[in-house]
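Below you'll find only one chain, the form predicted on its own, shown as C-alpha cells.
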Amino acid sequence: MNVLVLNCGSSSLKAAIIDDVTGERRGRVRVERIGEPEAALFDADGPAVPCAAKDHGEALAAALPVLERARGGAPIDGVGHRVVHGGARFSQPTRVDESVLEAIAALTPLAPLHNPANLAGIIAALRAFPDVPHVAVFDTAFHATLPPRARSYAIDLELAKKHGVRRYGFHGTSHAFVAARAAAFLGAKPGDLRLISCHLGNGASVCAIEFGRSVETSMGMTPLEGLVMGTRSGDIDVGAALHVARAEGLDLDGLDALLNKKSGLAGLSGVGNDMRDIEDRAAAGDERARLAIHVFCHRVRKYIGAYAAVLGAVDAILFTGGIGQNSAVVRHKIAHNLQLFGATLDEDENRSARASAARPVIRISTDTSRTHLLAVATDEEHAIAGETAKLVARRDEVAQRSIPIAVSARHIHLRKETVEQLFGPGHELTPLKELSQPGQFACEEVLEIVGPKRSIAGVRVLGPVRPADQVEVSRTDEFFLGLDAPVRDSGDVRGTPGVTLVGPKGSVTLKEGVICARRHIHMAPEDAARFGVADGDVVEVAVDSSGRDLTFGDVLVRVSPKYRLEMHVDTDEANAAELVPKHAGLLELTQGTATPLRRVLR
C-alpha cells in the first residue's frame, strides 16, 4: 500500500509516502517554522523554499503538490499519524474517528507540546483526504504492557489516579520496530528473546523487552525522565530542581524550560545538543564536552545494568537512533564493563558500524560474546506505515462475536515423575470432572503450596500430566505466598520462582514454575479464521459487567485443533470486574476506540 505518514510537531510537519512492505519513500517533504515569517518547505533533502504556512493545514496544503508529483498518480491507501501520548486508553494503533479526536485532545495535559500539534495534523489531513482511512499510532502504546510495579510512582495513589500520574513511556514505535529487526537478524522471534533497546538521539530512552513485551522503560509520564538527552535533563533530584527554582526565582514555566530546553547535552557541554559537535570538541580537549559524553554514556550503562536485573538475562542489547546507530565513541563507552552480562564489544566492527537502510542490523560484539551487541537502524515512519496498512486492510472485515469467559482459579500442572513423588510410585491422576477444554480435567488430587512466607492447602491438580511442572496463582496468592511471580504464557516457566509442593506421599521443591497466567483465548482454527486472527496475536476484549464497559487488554490468542472457544482470566481480575460464568467478551476487528476489540497487528 501507499501510506501517507504524517509527523506533526508544534511548529513542523514531516510527510512521506511510504510503501508499507519495503519502506521505500515515494515522496518526502517537511515544513519547518510553521506560523512564523521564516516558514520554509524542504523537498526531501533539498534546499529550503519559502512557504507561507500559518498553521498545519496550510503547511499540509503546501506539501501535497510536492508529494503528488513524487507519487505519480498512485493512490493514497491510508494516512498514518504519529501521536506522542495515548495515555492509558490507547494500547495499539487505532482507526481515527470523532471519539479518537476527542480522546487525543483530552490527553493534552499529559503532552502539552505534542498532542495539540499531532491533533492539528490529523484534522488537516482529514480535510485533505476525507475518504481515506486514517490511523493514529501512539508512541506510548508499546509500553501498555508495563506491569504495575514498573509503571507506578510512589506518591499518594488516589492523587496519582486523579491526575493520570504514572509511567507511560515513549519511543514505543521505535523500540518495537528495532526489536523485530534484531530478532529477524538473530533468526528468532521477538517473543523468544529478552532484549534491551537503547534509542539514543536528541530524545533518548531505554526499554526492557521481555519476550516481545515492554516491561520497563526509562521515560515516564512525560519524555523528561530517564536518560540524558539533547536538551532534557533526564533523571534529576526533584529537590535539586526546586532548589534551583527558588534560588533563581523561576516560576513553573521557567523551571519547565530549564529542564526541557536548556539542560541535557546542551547544558553540560555548553556547545549545543548535537553529539557530533560535542565529540569534536571533546577530541580537541574541551572538558565540558568530555563531561557531557561521560555523563550521557554512564546513564545509559546504568539503565542497562538495571534492566538486565529486571529481565534476569539478556540475549541482545540494541543501539538505535541517530546517536546509537552512528556514534562509535558513544557505543564504546556504554559497552565498557558490560562483560558482566556476557557482552563483549568488537572494537573493529564498532568503529566502522553505521546502521542504515542498506545495512539495517550490524553485529558489534565478538563471536564469543554471550549477549549480542547490535547497531540497529530504526525507521519509525516505516513502522507507522506498516501498522496503518494492516489496519486499513481490515477496514471492511467486521466480525463481532461472543467469547465465553472462564475464571481460572489457582491450580497445578504436574509431570508424571512429580505425580509419583507426591502421590506414590505408579500413581495415576484421578479425574474428578471434565473441564471446558477437550481432554483436560480437574483431579481429585490436591496439594499444599509452600512459599517463602506462607502456604496454601487444598490446591487442585489439573490433568493430564504435562512435560513441565507449573503452578498458576493469582496476584493475591503471589503476595500471600511471598513470591514475585511474573505474568507469563502457560508453559513458559523460564526464570520463574519455585515453591515446595507437599502431597500425601512426599514433597517436591520446584526450582521454577510459578506464574501468574497471562490472559488468553483458546480457539480452534475455524474460530481463528472466522475472527481473522492467528496464533500468537494479542487482542483486547470488551465485557459489559454490572453495567460497566470494561476492556481487557493484552489478551493472547492461542489456536489449536484441540481447543474450544473460551477466554481465561484469573480470579483476581474476575472479582475486580465482577464477572460471573454467564459473562462473555465481544470481539470485533474494525478498529476505533468505540469497538470492543482492537488487534495488535504486527
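In this text, residue numbers run from 1 along the sequence as written. Computed from a predicted structure; not experimentally measured.
The discussion below concerns the form predicted in complex with ligand ADP, not included here.
Requested in this report: With ligand ADP left out of view, choose which of N326, N115, S365, S214 has a non-hydrogen atom within 4.5 angstroms of it in the predicted complex.
Outcome: By the 4.5 Å criterion, the partner-contacting residue is N326.
Report task. Find the only residue in G321, G386, G78, G234 having a heavy atom within 4.5 Å of ligand ADP in the predicted complex. Result -> That would be G321.
Query raised in the report: Does ligand ADP come within 4.5 Å of any heavy atom of L374 in the predicted complex?
Result: L374: no, not in contact with ligand ADP in the predicted complex.
Query raised in the report: Are any of the heavy atoms in K505 no more than 4.5 Å from a heavy atom of ligand ADP in the predicted complex?
Result: Contact with ligand ADP, no.
Query raised in the report: Can you check whether P404 is within 4.5 Å of ligand ADP in the predicted complex, heavy atom basis?
Result: Judged by the heavy-atom cut-off of 4.5 Å, P404 is well away from ligand ADP in the predicted complex.
Query raised in the report: At the 4.5 Å heavy atom threshold, is M275 in contact with ligand ADP in the predicted complex?
Result: Output for M275 is yes: heavy atoms within 4.5 Å of ligand ADP.
Query raised in the report: Out of the stretches listed (480-488, 236-244, 102-110, 267-275), which one is close to ligand ADP in the predicted complex, meaning heavy atoms within 4.5 Å?
Result: It is the stretch 267-275.
Requested in this report: At a 4.5 angstroms cut-off on non-hydrogen atoms, which residues of 203-217 are near ligand ADP in the predicted complex? List them in order.
Outcome: Heavy-atom contacts within 4.5 Å come from G203 alone.
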